[in-house]
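This document starts with one chain, in the form predicted on its own, laid out as structure tokens.
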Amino acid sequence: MIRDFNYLRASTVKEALDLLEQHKDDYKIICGGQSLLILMRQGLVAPEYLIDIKNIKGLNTINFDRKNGLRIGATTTHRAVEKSPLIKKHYSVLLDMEENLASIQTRNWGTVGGNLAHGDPAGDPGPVFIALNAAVKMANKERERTLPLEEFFIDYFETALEEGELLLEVQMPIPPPKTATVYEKFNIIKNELGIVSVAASITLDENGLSCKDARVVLGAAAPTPKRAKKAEQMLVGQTLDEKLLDKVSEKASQEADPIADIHATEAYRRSMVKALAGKMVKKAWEQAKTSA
């Protein structure tokens, strides 16, 4: 049962930051509330103040240009990302990711910023955004700062957001030529949280033969979304064959740091990382060959 709280509603970023400063000892930010309300019903959190940022103007946005790349406002819903023509054209992996994220009802109300701020390592956006080299912009009353997303996640359900700070925007650069990014999660029930997920981004040389850069990001396989950096390094400068793919997959499995829970054992998660990592690297490589 949810305990009593004081509900406060902000209509601007400044107003929200003022409220965070005034009530810094005991508040939670709510926007979609798809994760927070569950925690409140379970009695795991019981804030005195609930600060609603859903209707702040300027945070529910999707913008793209050839200089700055993609900008997604923190209160943008998953459904808006899924239905965006800009994202379909320039970052189609996000469309693939969103179509398998929870139910349509959740995507209609849940937000991109809320998902990241919740800090669940099984969340879908984190691995994909990291594979796309994303950063997040945050602000408090004194300053704004931008942080690479892979540094934003600290531990299970813990992020780099400081007291009095609000997540404003997710920023993704334009991918280099000959780049493809793909994502897949393994789950028992479609649209549920993944037991394991992998996002892979491959950039090939101008001839489409060898790897210039690689990102392999594991979800639900460590306390945070985790780059398998040793596996990535094995790809750079190489041409892909089955022998290399097997080595990369095995290395990604070794770099995972999964837990055992009611859904899967540690060993099972490692085996799924190995299977998905190889599949995603191969798929991204093939797509990169034909990309502009």
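Predicted model only: the values in this text are computed from it and were never measured. Sequential numbering from 1, following the sequence displayed.
What comes next is about the form predicted in complex with a small molecule, which is not displayed.
The stretch among 203 to 211, 128 to 136, 161 to 169, 83 to 91 whose residues place heavy atoms within 4.5 Å of the small molecule in the model of the complex is 161 to 169. The small molecule in the model of the complex comes within 4.5 Å of no heavy atom belonging to S197.
Though the partner is left out of this view, A102 does reach within 4.5 Å of the small molecule in the model of the complex, counting heavy atoms only. The small molecule in the model of the complex comes within 4.5 Å of no heavy atom belonging to R215. At least one heavy atom of K185 is located within 4.5 Å of the small molecule in the model of the complex. Only one of I29, A231, L70, A256 comes within 4.5 Å of the small molecule in the model of the complex through a heavy atom, and that residue is I29.
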